[in-house]
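Below sits a lone chain in structure tokens, taken as the form predicted on its own.
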């Protein structure tokens, strides 16, 4: 049995992590994408009703203010984009309160990037290129899969995720031996989608292959733009390998007024569910008003990527110190 002072993972895995980070940097350097750093602490947080955050008290006599540890560097990176940075990437820590389990640690490492003038399709091509570089000579992947959210949802459940019908969703829950969903989700369409996808669809996604699911329902994408051909979906993509969600990306929303309205709606939802009160990021709204360039962005969890590459079943096995050893 390991002593508590020892790392959670092996030294060999630390070397693999270092190699991956170097290859990521080489990938983006070759594409003339600028590496940046943004603050981990800020005066505001995201408004996502599904996320909880860490806070810290900043004391500067006679003032004391609450600061938030980032759940993502997205807002600050978009401010750089609006200031004219061009395409950028960042490897950093992110923090999410209450998230712990086989694929979750409250502190985790991500690679997040924004490619200027990229559509969602071009972003998906770039994701596939990056994964090919990182998996080459390490893990033989099958042909990359691309499928719409509506198609994969209907294929697995017989339900249309874009048209909510409480009776049909409840009947599916009973048929699939998940009666708890009825009480958990009630009449919340978004909650139903999250439950059904995570329990009955995601586990079979991307068997030894990169699977990209795109075109998420509009109710599930705070920062992605609405698809120009179908207002019921947004230009969002998530990627999976062997049932593990590795990352989430958007064709980014650039409309400041719409983004502000989405923030207000999410704050209202947080209040209705008695979630902690948050401070809206008005600096992002100001950056959008100044002009965010057309771009697509992606975030991939480095720790989960290492889980797949090394065939480890728990995130503790691929990070230097898990929460229990921190």
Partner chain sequence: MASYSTNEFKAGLKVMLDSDPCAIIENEFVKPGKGQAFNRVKIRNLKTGRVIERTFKSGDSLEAADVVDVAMQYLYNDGDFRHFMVPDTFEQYQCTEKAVSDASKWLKDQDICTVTLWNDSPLSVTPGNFVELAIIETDPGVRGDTSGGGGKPAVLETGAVVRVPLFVQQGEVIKVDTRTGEYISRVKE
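Positions refer to the first chain, counted from 1. As the structure is a computational prediction, the values presented were derived from the model and not from experiment.
The form predicted in complex with the partner chain exists for this protein as well; it is not shown, and the discussion that follows is about that form.
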At 4.5 angstroms, heavy atoms only, are 23, 126 and 303 all close to the partner chain in the model of the complex?
no
Please tell me whether any heavy atom belonging to residue 147 falls inside 4.5 Å of a heavy atom of the partner chain, as the geometry stands in the model of the complex.
no
So in the model of the complex, does any heavy atom of residue 91 sit within 4.5 Å of the partner chain?
no
Even though the partner isn't displayed, in the model of the complex is residue 51 close enough to the partner chain, meaning a heavy atom within 4.5 Å?
yes
Taking 4.5 angstroms as the cut-off for heavy atoms, does residue 250 touch the partner chain in the model of the complex?
yes
The unique member of 198, 156, 230, 168 whose heavy atoms fall within 4.5 Å of the partner chain in the model of the complex:
198
Among the candidates 152, 162, 191, 110, the residue which, in the model of the complex, approaches the partner chain to within 4.5 Å (heavy atoms):
191
In the model of the complex, which of the stretches 180 to 188, 77 to 85, 113 to 121, 127 to 135 has residues with heavy atoms within 4.5 Å of the partner chain?
180 to 188
What residues in 88 to 111 sit within 4.5 Å of the partner chain in the model of the complex, counting heavy atoms only?
96, 98, 99, 100, 101, 102, 104
